[in-house]
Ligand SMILES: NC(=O)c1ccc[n+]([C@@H]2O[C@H](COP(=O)([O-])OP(=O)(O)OC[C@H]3O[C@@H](n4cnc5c(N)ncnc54)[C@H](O)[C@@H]3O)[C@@H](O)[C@H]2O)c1
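Just the one chain here, laid out as structure tokens, in the form predicted on its own.
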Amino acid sequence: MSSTAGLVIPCKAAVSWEAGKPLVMEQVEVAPPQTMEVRIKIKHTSLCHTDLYFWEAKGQAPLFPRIFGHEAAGIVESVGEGVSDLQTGDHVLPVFTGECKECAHCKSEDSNMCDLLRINTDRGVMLTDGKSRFSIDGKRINHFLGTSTFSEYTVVHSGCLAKINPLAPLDKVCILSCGISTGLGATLNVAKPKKGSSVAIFGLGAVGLAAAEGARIAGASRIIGIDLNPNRFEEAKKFGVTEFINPKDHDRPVQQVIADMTDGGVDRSVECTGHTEAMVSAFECVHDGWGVAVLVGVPNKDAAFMTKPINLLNERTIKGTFFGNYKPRTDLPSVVEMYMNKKLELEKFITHRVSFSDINRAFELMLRGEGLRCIINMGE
């Protein structure tokens, strides 16, 4: 065990005290892990749009003060009672959703939506005892998504940690904790395009480009990118996108444009915007008989869309996905190996790097829509 096992660790954390206000670098106290928990030292973290969304606190109940962050990589410092598959020194990816391996979802080959550890954006405490492991002068600081990686040390449920190859560079594979795996898995695990097939990707942000990367890895011959921002088109070529459509350039629905381009529709489509109009287009642009559309983007909870039932009767399929259908503990280690074997290219997603003390710059970059992933080095 480490020399700090069982002790409270004081460390630096970027605390969000108020919605939309810059994070404040604070000295926090991180309590030891309790039953089925693990305390880890975060080495690198990155900023995901979900952090930004809840930091802005638009459209959901605000919960402050809070330590955000959920895309990261770190090293186990100590483990709590009952943890048998992790030990001090293991390299891990903390994940916003988990895998208890005991519930019906975990035992199913078809689902990764663990009953115990499924994402919960409202909970600011640990499952074990309903308490936070973070405090400042005795004042509770809330957790975020069970990960809170904008802290030099954090405590995570063991079921939300994927043990990975210790040789994998943590400043690269940290981005596999959320968005990149979501898009990649949506294509490889759910859409499952065949070699030589055609794939349409709606939305060319980081998740959409990860979906395109999946199509490239699968051997798709045509990867059509659809986005309202023409500035994204040049960047998308690096991810295998071969053709581009800006819906604003056409006076008819984009699904009709795609159907004309592809002799009746694409074989697969992946929707990564969360807009219902794009969801309808993604479904209606796939070929009848065998076309599959996969929805990745998260809409407003009250959103609804309409399509004609004949589209389903004509043997088009529409599917949803959560975290790319990856089971975190079981599957993420193999995704890391895809990178180590040079099958998956992660470097092209990383467009900026900042020191931990400069974390607010990462928020500024994302607010301006600049870059894809900004890596935050916790040691600087």
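Since we're looking at a predicted model, the values are computed, not measured. Sequential numbering from 1, following the sequence displayed.
Although not depicted, the form predicted together with this ligand is the subject of the following passage.
Trainee: Please name which of the stretches 84-92, 255-263, 167-175, 196-204 has residues with heavy atoms lying within 4.5 Å of this ligand in the predicted complex.
Mentor: Of the stretches listed, the one contacting the partner is 196-204.
Trainee: Name the residue from 155, 226, 215, 191 that puts a heavy atom within 4.5 Å of this ligand in the predicted complex.
Mentor: It is 226.
Trainee: Between the options 232, 163, 105, 118, which residue brings a heavy atom to within 4.5 Å of this ligand in the predicted complex?
Mentor: None of the other options qualify; the answer is 232.
Trainee: Taking this ligand as it sits in the predicted complex, is residue 222 in contact with it (heavy atom to heavy atom, 4.5 Å or less)?
Mentor: No, residue 222 is distant from the partner.
Trainee: Consider residue 286 of the chain shown here, and say whether it contacts this ligand in the predicted complex, taking contact as heavy atoms within 4.5 Å.
Mentor: Looking in the predicted complex, residue contacts with this ligand do not include residue 286, since no heavy atom lies within 4.5 Å.
Trainee: Though only this chain appears here, would residue 34 touch this ligand in the predicted complex if you measure heavy atom gaps against 4.5 Å?
Mentor: It does not: once this ligand is placed as it appears in the predicted complex, residue 34 has no heavy atom within 4.5 Å of it.
Trainee: Please determine whether residue 311 contacts this ligand in the predicted complex, using a 4.5 Å cut-off between heavy atoms.
Mentor: No, residue 311 sits far enough from this ligand in the predicted complex that none of its heavy atoms falls within 4.5 Å.
Trainee: What residues, if any, in 291-306 have a non-hydrogen atom within 4.5 angstroms of this ligand in the predicted complex?
Mentor: The stretch touches the partner through 296, 297, 298.
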